[in-house]
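This document starts with two versions of one protein chain, written out as structure tokens and named structure 1 and structure 2.
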Structure 1
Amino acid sequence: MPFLPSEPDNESMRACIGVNDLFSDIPPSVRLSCPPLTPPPRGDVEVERAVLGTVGANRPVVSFRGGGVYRHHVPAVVSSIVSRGEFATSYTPYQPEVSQGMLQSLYEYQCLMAELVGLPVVNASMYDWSTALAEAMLLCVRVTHRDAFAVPDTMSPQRRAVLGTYAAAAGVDIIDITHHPETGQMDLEHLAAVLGRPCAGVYIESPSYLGFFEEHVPDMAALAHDTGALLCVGTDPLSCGLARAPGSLGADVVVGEASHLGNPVTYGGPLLGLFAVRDDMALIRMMPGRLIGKTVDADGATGYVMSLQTREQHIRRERATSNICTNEALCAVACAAYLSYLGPRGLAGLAEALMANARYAMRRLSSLPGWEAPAYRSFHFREFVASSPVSPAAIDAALAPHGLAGGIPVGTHAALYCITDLHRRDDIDMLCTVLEGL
């Protein structure tokens, strides 16, 4: 049996499924007209030299970009823990009798995240914030039997795109709620008007994609609940080190991104989606992913198991509540180790440092002629929009020779800047020094 099917085999398979061209969905403009050119085979030494030569051409860059993927310090103890073979090589713990270590670690992740976001039931885990949000929308639709979902027009465009893909397939209308031009806060009057139509849920981001906290979450929760809708809050778990937990503000569902808690950026992934709900079996039964539970065995000893597996594809097939039946287990273990290492005081201290660094950057940028930071008059966490007299492209071109990368463009003369614990004030000063010369 050949490793790869022969052309007759391919023809037979295509005839069986009734498709002649398996690549018909790929636009001709992006297809290769001929096989790619590949170098001849090389020995280990040659390959190593080639790779090291390429790596040696890299230059370190101080980046001020975030937008959902953040570079934070990862303590050495976290890397040491997740490098252990029993974590790094483990897979889905379907056999609890041989997976107690992994199950306990994921259970602890759930407990830590539940304490942070203020909701008692957390799964372990989702792919990223985008898929967590899309699954939260589907949960709201299944529970309320409605087909509309309200979101802020300031939300992440990447998350909005993923949400739109899911919504189109599920027949759900996504309704954008406008914001106040000066503060960026969601327009409550517009939200109330939209909720005149039965909505499955209302989604908000706090901190928002543009960096500021929504200041009227309890009011939004009341508006949603008065009309029978659920409130879904997207958040950054780090912000919960100082800000009130979304669960205490009336959230029914909390989603977010947690990869930056103990995981490096590594080219933008893998990520770690957070998903939590309040203690309501109507919500718990409709959650995607899996829950790890704590129990006792026949001898009374503590044990850990996967709970509510009946929602998953390997059992319910097409009747499963989600097509996500895997998870980011190793990232979740790193997150648990990171939070355990920091502790409550360490997490609060880190959140304070992030806000202090961001405020220093805002003050420095605002001192430049023609600059305004933040562009929205609201309370920010670690990201903010800065308006400038020149375009983000011109800024990036000026910063590149100095080993700097500016913010994410969000307008013709505006960019989203991110400050983390790895940014020193010298880095911010260098940024401002270069920008002052434009």
Structure 2
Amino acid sequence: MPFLPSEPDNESMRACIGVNDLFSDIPPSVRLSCPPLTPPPRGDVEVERAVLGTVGANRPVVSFRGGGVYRHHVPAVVSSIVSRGEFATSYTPYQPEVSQGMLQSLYEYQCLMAELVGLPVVNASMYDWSTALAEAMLLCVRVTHRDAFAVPDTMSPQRRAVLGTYAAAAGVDIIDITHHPETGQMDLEHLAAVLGRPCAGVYIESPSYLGFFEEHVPDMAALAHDTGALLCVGTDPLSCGLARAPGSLGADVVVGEASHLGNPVTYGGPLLGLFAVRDDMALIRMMPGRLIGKTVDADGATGYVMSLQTREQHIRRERATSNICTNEALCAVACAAYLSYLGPRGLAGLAEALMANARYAMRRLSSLPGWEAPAYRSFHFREFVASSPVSPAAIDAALAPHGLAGGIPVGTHAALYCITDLHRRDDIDMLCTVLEGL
């Protein structure tokens, strides 16, 4: 119970105010009768029982679903840090002098993420990958004054749907770029053809939604830049522990999902949208979201503040670069703590393990009759499409009684499987054993 009123105090406060009905401005026609307390206030024991009772209908699962949202282990040191009341119960740091802890943590998030993606300017969070992408599209449109945006036809349906909503509002056409059927790699000739119409930006994903690395990102950057378009790269920042940073491959903007670096997946929310740009004031001044900057105080001590706020809604109102206000700050703090804990070797070790274990899963699945994994011949990170003789729905129906969930359906006989640090070899073996009997 957060509080129960103290009637003696209330009595004396009412007496001080001397107003009978504090709500008399509300027209009687809309005032509710305020019945006596029904149901009566419930104490912690009851609340805990009720919530746990409701949640008790959930069933534990070993799931092979990913697709841009991942269930990873959350180290105890990370949860311990973000459960600090000083962090969790603070607001946006409008008073920087008493909010240095949050500001420095967010600045460190910006620093660590910049190193990973290879672009120096990272904002202090968007809602999720999909809205980060939508905002990247809007940034490209503002910078280039063009009204088309090219995307891979292999991209996530969730992100495509969200992008579509924001594009419709802004009057922007989304154009699909096709891929090579065997490798899944983006079709560069088609990209070149698409760019016959001036585009604000080209978006690619690497690792792609279907799990493989795009192998020609510098060529895509060149094609985009030659036509005056910006290159936006969507990525899993975890892959950057091992793979080339998108920033070093020609990306002007990097977006992605970072919640799995230190946060529980919780059925897809909260998430942590990553947004980064090149060091170019033309882009920085047009970008969405909060930016934390380093400065000094009156004594010359290093300190941190929210910077370049004139881009934001509370100052620029309808001309703001975005409407975002409340963001995912605490998830970004968790991410900073997580990356600090893993360090460069831990991150590379994790990425290598995911790649190796996904390879193990592919090999095991491929050994099942009628199965092929990966379905696309490219270098994969930790996800892959497996084609199967039966439908994903039939697979899930067979797996459910065993507490397993297969990949995300991506075709009538294909699903996208994902490996995280929570999968044991036994889980993969169990998956294959059940599938073998199908």
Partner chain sequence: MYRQAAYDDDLYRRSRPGAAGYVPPARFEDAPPLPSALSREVPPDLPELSEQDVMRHFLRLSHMNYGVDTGMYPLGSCTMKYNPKLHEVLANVPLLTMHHPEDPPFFVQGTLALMWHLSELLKDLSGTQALSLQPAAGAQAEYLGVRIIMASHAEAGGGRDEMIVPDTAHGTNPASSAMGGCRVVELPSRDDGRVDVDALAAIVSTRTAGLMLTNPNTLGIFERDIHEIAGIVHDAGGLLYYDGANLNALVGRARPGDMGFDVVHFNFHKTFATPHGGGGPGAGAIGVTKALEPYLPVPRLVRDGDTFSWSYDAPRSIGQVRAYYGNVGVMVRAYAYLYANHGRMHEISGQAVLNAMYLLHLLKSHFEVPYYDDAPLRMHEFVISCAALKKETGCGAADVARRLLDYGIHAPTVHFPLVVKEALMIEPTETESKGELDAFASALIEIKKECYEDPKTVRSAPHVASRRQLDILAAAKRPVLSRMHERG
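Here, residue number means position along structure 1's sequence, counting from 1. All of these numbers come straight from a predicted model, not from anything done at the bench. Rigid core: the largest C-alpha set superposing within 1.5 Å between the two forms.
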request  = Look at both copies of the chain and name the one that is the form predicted alone.
outcome  = 1
message = How about residue 49 - superposed on the rigid core, does its CA move between structures 1 and 2 by 2 Å or more?
response = yes
ask   = If you line up the core, does residue 397 shift 2 angstroms or more at its C-alpha between structures 1 and 2?
value = no
request  = Establish whether a shift of 2 Å or more occurs at the C-alpha of residue 14 between structures 1 and 2, with the two forms superposed on the rigid core.
outcome  = yes
Per-residue Cα shift, residue 23, between structures 1 and 2 [Å; core superposed] = 26.9
